[in-house]
Structure formats: structure tokens, C-alpha cells
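Only one chain is shown below, in C-alpha cells, and it's the form predicted alone.
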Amino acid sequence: MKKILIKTKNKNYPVFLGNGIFSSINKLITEHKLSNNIFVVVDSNLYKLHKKSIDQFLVNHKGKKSLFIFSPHEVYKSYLSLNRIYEQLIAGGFNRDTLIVAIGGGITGDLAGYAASTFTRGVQLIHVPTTLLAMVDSSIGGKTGINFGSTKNIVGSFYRPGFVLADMNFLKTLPRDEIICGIGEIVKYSFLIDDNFFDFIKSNLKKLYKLEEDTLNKVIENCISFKGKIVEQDELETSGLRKILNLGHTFAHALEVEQEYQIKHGQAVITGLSCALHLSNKLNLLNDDLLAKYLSLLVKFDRDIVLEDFETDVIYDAMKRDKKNKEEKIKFVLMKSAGSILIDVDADKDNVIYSIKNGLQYFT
């Protein structure tokens, strides 16, 4: 079992990575002196596939316990689901001495994490990410949140878990589109880290699709370690450094809204990265040769990500509601090269529309 320590000003917490380590969860809860009263929020699809191991975790747990089964779709990452969690917590007699355990992907983790940060003004939390996307990205860094209306992640908090437990055995039951979602975030990290990591991802893409163990271990560890270092330096997004993690996401979140969440987040990230590359090139930040090099990886997903149609103006309007905007201006994260990232870049509407059309052309 690999241990990666995430250090922040207020709290350090470990990320455990390995195969078959979920069976150690009760032991880890005890070792970290967390509450014995557990409230488990679990992805309904995952629960069907891994009911035996999750039920065994609950049977082996000696304290108070309650199970909340949640449908992992963006439309349910809302106040309605949050209220259902509060209702079940209160009905079950849970108080401040509660540990919320989030078992699932990014949507489950966001919802359960926000519930933990607000119930009785904060209870303990651990994340058990079960998707590739959640392991490499969303379970790390302490962001929680829900959607409000048609605006994604506009309500939320920063809230640190007691620990994160990433058991790669859960990945074996992932459908192909969920694997692609995780690879989408991995591709983002290949742009953030450097050209060597980009070249490694491009050369080993087939192994990632097949969840080849050694490759997967190396990639997940690299992504967690990189994000951990960014979070350590700018946990609450005060210096601006953490914004680089949103590369491609301004476009991606807006496309998710325009597509009424019929496209998964990681797939939207891939298309958003394509748009961000085109905008970087249009603003003369990224030269033509590097644009072609980086696009050569993204276009490999053109058969797995297919948009029936899209409305450019609707995407642009959704981007204007992005929470990273300032003074009513859309702020972009763009790049000069892998590892050389720019934040808070302005672009006029014509250039943004250009980048949407050109970035999404490969996926229609």
C-alpha cells in the first residue's frame, strides 16, 4: 500500500493507493482515531457491483452505521440530494461525532464532502474514490460542492478528509466511458506537468485503456503527487497557482451545461482542452507546431466522444457564469507549452467563439 502525504497549512492527510486495500478501511479508521459513528454515501452503480465488499465493511464496523445510496449523475448533485442526506442523518440520531464515508466517483465525493462540511458545522470525512477520474483528481485537494440550477459547482466549500483510500480493484468494473473520463483528467495533467509526461501518456494510451497495472500505478501516483504539491502551495486558491488545475475546464463545464449533462465530465475535459489549445494558439501563446503536437493526442478520442450538435452561443453564455470570472470577464487558463501555464487570461468573444468551433470540430 503506497502512502502519499498531502500537506496543507491547517491539516495533513494521507492518500493510500493500492490493490485490495479497501478491506483495510476499518483498521485505518481506528488508526487515524476517527469517529466510530459512520454514515456511508455510496454510488448506486458501484454498490450493485461491489455490494459484497461494502456490506462486509459495514458488518465488520462495530459502531453506529447508516447507508445512503446515491445516483451519481450531475442533475442529482443538488440541494435535493443534500437535504435527503441531512434528513437521514438527523433521523438516525447522528451528531457532531460523525464520520461521513464517500464511496464513489467525483459526483459522490463532491456531494458527501459538502454534506460533511456543513452538517453540524462540520463532521469528519474520508474519501474512497472508485473511478479513475476521482483517484487522479477530484478526491485530492479538499474541494466539495453541488450544482445550482444550470450552474456547475457554484455552491461549495474547501474541506479536508481524514484520509483518501484509492483501491484500484474498483477500476476493474469501470465501463469504457468512465475509463475515458479518467484519462481525460490524466491528459490534462500531461499538459500541466511537462513534455516528458505528455510523451509517456501518448505512448502508453493503450495500456491506460486496458488498466495495465504498472502503467496505471505510475500515472496515478504522478497525478496525485503533482496535485498535492499545488494544493500545498495554494489550498484555498488565494495565490492563483491552483487555478492551473482548471486548464480546459471553463470550456468543459459550459459544454456540460449546454449538453444538459449528457456528456460526462472527463469527456468534456478532453474537448475543453482542445478548445483551450486553439484559444492559446489564436492569442499567439502556443505556436503552430506545439498545437499540432498536443492535438495529436486529443484527436485519438474522436471515436469515443461524439457530439450530435452544439450551440456555440449557449456554451459562451454558460462560460460567463463560471465562478472563476472576475469583473464580469471570462478568465481563461491557457498554455505556452506543457508545464508553462498562464492564468486569468482575457479573450474577446470572437476569439472564444473561434476556439469553441475549432476545438469541438474533432468531436462532431
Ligand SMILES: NC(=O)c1ccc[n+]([C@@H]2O[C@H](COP(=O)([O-])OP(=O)(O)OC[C@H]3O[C@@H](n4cnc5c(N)ncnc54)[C@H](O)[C@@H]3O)[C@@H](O)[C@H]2O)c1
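Note that the structure is predicted; figures quoted are calculated from it, not measured. From 1 onward, residues are counted along the sequence shown.
Another form, the form predicted in complex with the ligand, is not on view; read the next lines as being about it.
Among heavy atoms of residue 278, none comes within 4.5 Å of the ligand in the predicted complex. Residue contact with the ligand in the predicted complex: residue 170 places a heavy atom within 4.5 Å of it.
Under a 4.5 angstroms non-hydrogen atom cutoff, the ligand in the predicted complex has residue 133 among its neighbouring residues. Contact check for residue 67: every heavy atom lies farther than 4.5 Å from the ligand in the predicted complex. With the partner left out here, the ligand still marks one of 193 to 201, 286 to 294, 115 to 123, 173 to 181 in the predicted complex; by a 4.5 Å heavy atom cut-off that stretch is 173 to 181. Contact annotation for the candidate site: 46, 50 and 138 all lie close to the ligand in the predicted complex (heavy atom within 4.5 Å). Though the ligand is absent from this view, in the predicted complex it lies within 4.5 Å of a heavy atom of just one residue from 225, 215, 153, 88, which is 153. Counting a residue when any of its non-hydrogen atoms is within 4.5 Å of the ligand in the predicted complex, the one hit in 184 to 198 is 185.
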